[in-house]
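As a starting point, one isolated chain is supplied in structure tokens, in the form predicted alone.
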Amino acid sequence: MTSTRDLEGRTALVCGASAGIGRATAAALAARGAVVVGLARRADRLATLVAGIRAAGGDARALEADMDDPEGLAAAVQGLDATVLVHNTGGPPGGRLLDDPPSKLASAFQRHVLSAQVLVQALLPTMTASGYGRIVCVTSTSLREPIPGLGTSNTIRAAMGGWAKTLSGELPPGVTINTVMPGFTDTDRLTSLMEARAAREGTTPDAVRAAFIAQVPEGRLADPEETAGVIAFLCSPEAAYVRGQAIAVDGGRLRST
């Protein structure tokens, strides 16, 4: 972890902080001096996160809320003076887009786009008043290149990309928004996707894992901490002139520029 404490005195709201990239990001921002508010549904995991950050000398608290409930989410963050927002939430289940009912797309849109809109509108007054705001959206490389078998996810990630890029032209000076596109990252989410794909294709999760890795020039899955490091940089004062960008953390898997 970095020894730089350039977020000292700032509050960072990290969504999906109970596991995977969200959990690693919460730790990375705490190491930079931020007071971390970890948001998730699982109170027990949040308690473990908070205890771990405090044991390492950081400051954190838990905020139990559901990204599928826009009204409840708005109430949960009311009055929160965060100037850093990391929007991160679980992706929809896999499957072909042709087979997905409209309700699945509507649910995914609510969890991702609507929750992001609610949180930005809630926190923007504090960011604007302080002259400092960092918004980072965690999406997927499917924003740029759709991943077979993830029809609804591909669609919603693209919507999030368009939402973030639009806001990059509307937010006031000093308040930036960027998107991080993780590649194949060693998380519970990827494990569940590999298991589901193996079941559909009549193969094994290990075979699917090997096929995923074969697409990555770095020859391995990413650690959540590697993605968290990029997110933490985008939240820092150093990234003040990085705005409206979609940055892949994928070991070189994307074939497009």
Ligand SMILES: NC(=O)c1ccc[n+]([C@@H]2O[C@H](COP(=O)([O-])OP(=O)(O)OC[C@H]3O[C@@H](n4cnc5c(N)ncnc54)[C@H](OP(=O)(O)O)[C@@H]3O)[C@@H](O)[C@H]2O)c1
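Sequential numbering from 1, following the sequence displayed. This is a predicted model, so every value here is computed, not measured.
The same protein has a further form, the form predicted in complex with the named molecule, not shown here; the description that follows concerns it.
Novice: Sort through 201-209, 188-196, 54-62, 30-38 and report the only stretch with a non-hydrogen atom within 4.5 Å of the named molecule in the predicted bound form.
Specialist: In the other structure, the partner sits against 188-196.
Novice: Quick check: do 165, 179 and 244 each get a heavy atom within 4.5 Å of the named molecule in the predicted bound form?
Specialist: Spot residues vs the named molecule: no contact at all.
Novice: Although the partner isn't part of this model, could you tell me whether residue 160 comes within 4.5 Å of the named molecule in the predicted bound form, counting any heavy atom of the residue?
Specialist: The answer is no: residue 160 has no heavy atom within 4.5 Å of the named molecule.
Novice: Closest heavy atom of residue 122 to the named molecule in the predicted bound form, within 4.5 Å or not?
Specialist: Residue 122 lies outside the contact set for the named molecule.
Novice: Does any heavy atom of residue 218 come within 4.5 Å of a heavy atom of the named molecule in the predicted bound form?
Specialist: Residue 218: no, not in contact with the named molecule in the predicted bound form.
Novice: Mark residue 68 yes when one of its heavy atoms lies within 4.5 Å of a heavy atom of the named molecule in the predicted bound form, and no otherwise.
Specialist: Result yes; residue 68 sits at the interface with the named molecule in the predicted bound form.
Novice: Hey, which residues along 137-161 are within 4.5 angstroms of the named molecule in the predicted bound form, non-hydrogen atoms only?
Specialist: If the 4.5 Å heavy-atom criterion is applied to the named molecule in the predicted bound form, 137-161 yields 138, 139, 140, 157.
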